[in-house]
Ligand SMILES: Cc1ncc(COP(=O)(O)O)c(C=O)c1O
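Form predicted on its own, single chain, as structure tokens, below.
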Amino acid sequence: MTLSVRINPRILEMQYAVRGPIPLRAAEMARAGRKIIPCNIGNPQALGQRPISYYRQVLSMLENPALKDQPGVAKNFPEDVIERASGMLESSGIGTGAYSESAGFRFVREDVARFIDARDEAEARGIPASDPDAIFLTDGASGGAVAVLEALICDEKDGVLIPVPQYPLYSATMARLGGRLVPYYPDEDGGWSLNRDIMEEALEEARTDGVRVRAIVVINPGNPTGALLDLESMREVIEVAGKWGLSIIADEVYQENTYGGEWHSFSSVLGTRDIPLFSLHSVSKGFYGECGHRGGYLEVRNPPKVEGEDLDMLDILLKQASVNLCPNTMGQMMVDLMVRGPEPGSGSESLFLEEKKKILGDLEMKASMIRSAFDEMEGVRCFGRTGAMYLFPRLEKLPRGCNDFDYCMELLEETGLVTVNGAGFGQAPGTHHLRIAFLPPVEAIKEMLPRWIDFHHRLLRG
């Protein structure tokens, strides 16, 4: 007789549409020999993006330092790669096979702080300098987001303002913690912009329901929308957070994926305002695409005090990190490479810049191709400035009785294209969307788009 066990109902409530029924059906089809085009997840190297040579060369030598003494290595590895790996190992003091400090290698956190200050032009603009002691290296940006939410959510009356549509990490984590997801709806027709009325309407409703809203999550550029947030929207978020006593959780993992659009960090816009800010970044996105290395960082500014204790949020995050011993060391090393690439004029710089330009250029071209295809599809509209790795078109015309899940499933069955229906991320009532990651090779997208256009119009004609 098979044992039956009781499972935490909060775990049972968790949903993650990116790996939900549509991708599961796609996996069945692939096993049966069908050609599948997976556009459901931001996993660049799984879809053919080549790793950056400099990163993998340094990582190789970090894992196997004896390589530098083997014949022929100098011919295949530029001298600056060998020097960088040797310097990182020396700075670590322990190599990659031992536990690091719980918050992560000190030298990496110092490099992250310098990266943030340079990115934000902190000194020239009078922005407070980044503090390595307020930076935590994490297993992907997800590790930092979960740590902050775990600390803030005490019971079912604690809530977090989360944009809808949203990346399912946030809804799944809130379900697991038993807190309240308080949705706010960016203005889709306005390019997924924000204003205080949008946020304060959600806050007022939550307060009426007895919910204590602790923080607001902002994803910029957006996931799943892909939209780049404008400066005025960011200022509105900061004003609302200050007025309502909220912390800001800024998910900024797509900050390299702006394709010529102007991006601002929340730390640069916040400036000297005394509002708690938790900023997240990751090696998984941008042009690096190192999802499997699970590297990321969490930077904290203006850490809030702990009620009734002589502690602040940094103490709590360090306690959480200590329980987990440390983030994975190769992910930490990859973070260091992300924030400090090859030195100008070094033997690796030229190829590094060439590879970076090609990856970002290809992403922009593929996004443009898909957006142009939407213009040929009746009742399909896509809003906002292109960013991140996704497009989130609105399906304004569907056959009677058909929703966005049905659309995406039929699209999969007919064309092999794997997308995620908008309901998997949440969406404004009465609307239908899908999310597509524009990561497959250009040729695969060129081949797929005419079939998608044809499918769309045949579906509408019934």
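Remember, predicted model here, so these are calculated numbers, not experimental data. Heads up: residue numbers just count along the shown sequence, starting at 1.
As for the form predicted together with the ligand, it is not shown, yet the points below apply to it.
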item	value
Contact of residue 140 with the ligand in the predicted bound form (heavy atom, 4.5 Å)	yes
Distance check, residue 180 to the ligand in the predicted bound form, heavy atom within 4.5 Å	no
Proximity of residue 251 to the ligand in the predicted bound form, heavy atoms at 4.5 Å	yes
Partner proximity in the predicted bound form: residue 219 to the ligand, non-hydrogen atom cutoff 4.5 Å	yes
Interface segment, criterion being heavy atoms within 4.5 Å of the ligand in the predicted bound form, picked from 366-374, 283-291, 154-162, 92-100	283-291
Heavy atom within 4.5 Å of the ligand in the predicted bound form - residue from 279, 223, 130, 386	223
Residue (of 266, 105, 192, 167) lying close to the ligand in the predicted bound form, criterion heavy atoms within 4.5 Å	167
